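Take a look at this single chain, the form predicted alone, given in structure tokens.
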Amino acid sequence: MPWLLVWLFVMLTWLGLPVAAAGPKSGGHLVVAVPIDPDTFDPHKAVAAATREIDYNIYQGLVSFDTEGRIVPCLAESWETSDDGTVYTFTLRPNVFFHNGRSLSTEDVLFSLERVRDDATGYPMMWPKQIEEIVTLDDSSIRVQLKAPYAPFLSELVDAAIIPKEAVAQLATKPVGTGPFRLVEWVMGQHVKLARFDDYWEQGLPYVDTVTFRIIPDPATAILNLKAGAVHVIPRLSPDVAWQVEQAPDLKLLKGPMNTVQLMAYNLDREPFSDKRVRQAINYAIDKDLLIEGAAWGYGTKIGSNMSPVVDLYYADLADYYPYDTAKARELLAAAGYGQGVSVTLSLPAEYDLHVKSGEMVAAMLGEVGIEVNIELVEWGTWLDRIYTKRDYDMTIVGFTGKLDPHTALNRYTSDYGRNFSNFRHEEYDKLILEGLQATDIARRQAIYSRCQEILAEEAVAVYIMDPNDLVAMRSDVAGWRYYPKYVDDVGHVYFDK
């Protein structure tokens, strides 16, 4: 009877009557190429952004965010906030199950938030320290009392995954969450396999049956797999291979905002970077426009502070604060006592092609003003341990992932922040960040965070290079990919449309 369906479609179209569009199709096995492994699947201990790419589909918090960065209900179907901004009362969504088959309870929420608060967990966020008390009110309600108003509380709460207490000992390799997918297998260095969670609470999702995240460090190899059909999606595609996707008839390239800050950080506790004039000289010596063209093939937006233009409500445009000026750079180096030159080491995460290419160009640029740069390639695990945690480095290039609130993006430079691996200390900056926590007026918060960005530029805390475009390559029959202002790969809405 196919001819009858075709005839009916033609007649409805001829009569001008609406024809129902086919919705997303269910089923299939999706393969996504990613460059590195997660560091751990324990959501309260993970540091690497690569982990969040995947575990976004496994774990969930009380609240989440949409494609515009707005806070939306998740495991909590609603919440109320006291007039003074210190008390949040959450009502849990009914009929939510963990991957181990047990239903979600307020006791799970209490356990999870208390675990995040525990210093022994090592959770790298500041908001848990703002909590005075967490109390379960009944089977569906829980109250969080803050010590004082904390403006970014909800936006930071999105990363506080709710877990079952009985699974905590094995979470690092056997995650148990409430998300649309459950872990099937993790073979380090090869792949992470997920399967649809049949008892997932959000009706209709996910669309595909299974997802494999294949670990493919080399972008060219990933492209070859994409062309052969062995891979369906490559998120955060290296820009130097994007042209291959644009020229292939059965592939497509999506371009969207990444809300990521690529920067070259200094260790301010080491010479010569303890001298602001040296840091300023390096900023003047680097041609950011050329970097974007050469390292990112033009797929990037120039920035001047630790915020992306994506956060337009709070973004201060300081992209040209340090114009390219080699004469000014030499002048500052001479004033700082380094007129005869200086040698430094630039440590680069080997798995991130954009950072490596940027580093190679930076080394050439700094060489022109008398700074000899020795490039050191390090594995990502080494970078996290030695550079990010132990702060054992001279300079490094990395990307800070997008945040939903300006405090979370800028708080990393406060003197007492555990992950302030630049070792930046500034009294006015610390006071402003503290004030921004309790400010409820948007105009005042805008003024506060604008000044904070100015301080970072004035002090030349880093070379803030670009917000790279988020390039996603995929097969032409893949649809439903969503961009978010945070570093996640949402495969729950992806489907095959053929």
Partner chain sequence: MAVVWKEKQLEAEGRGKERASLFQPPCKRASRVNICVGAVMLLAIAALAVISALSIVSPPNAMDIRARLVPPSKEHLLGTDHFGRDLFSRVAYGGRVALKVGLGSTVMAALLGVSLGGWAGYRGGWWDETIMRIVDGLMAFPGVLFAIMLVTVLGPGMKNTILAIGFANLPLFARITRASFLSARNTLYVEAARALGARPRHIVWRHVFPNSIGPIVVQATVTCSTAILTEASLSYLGLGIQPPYPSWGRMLKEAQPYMGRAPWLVLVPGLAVFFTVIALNLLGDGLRDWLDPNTR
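Positions refer to the first chain, counted from 1. Keep in mind that what you see is a predicted model, and the values were worked out from it rather than measured.
The discussion below concerns the form predicted in complex with the partner chain, not included here.
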query	finding
Phe111: touches the partner chain in the predicted complex, heavy atom cutoff 4.5 angstroms	no
Close approach of Gly85 to the partner chain in the predicted complex, 4.5 Å, heavy atom	no
4.5 angstroms heavy atom contact with the partner chain in the predicted complex for Ala148	no
Non-hydrogen atom contact Ala364 with the partner chain in the predicted complex at 4.5 angstroms	yes
Segment assignment from 235-243, 70-78, 91-99, 422-430: heavy atom within 4.5 Å of the partner chain in the predicted complex	235-243
Partner-contacting position among Leu377, Ile134, Leu154, Ala248 - heavy atom within 4.5 Å of the partner chain in the predicted complex	Leu377
Contact assignment for the partner chain in the predicted complex, among Asp317, Glu107, Asp275, Glu360, heavy atom within 4.5 Å	Glu360
Sequence-ordered residues of 207-221 touching the partner chain in the predicted complex, heavy atom within 4.5 Å	Asp218
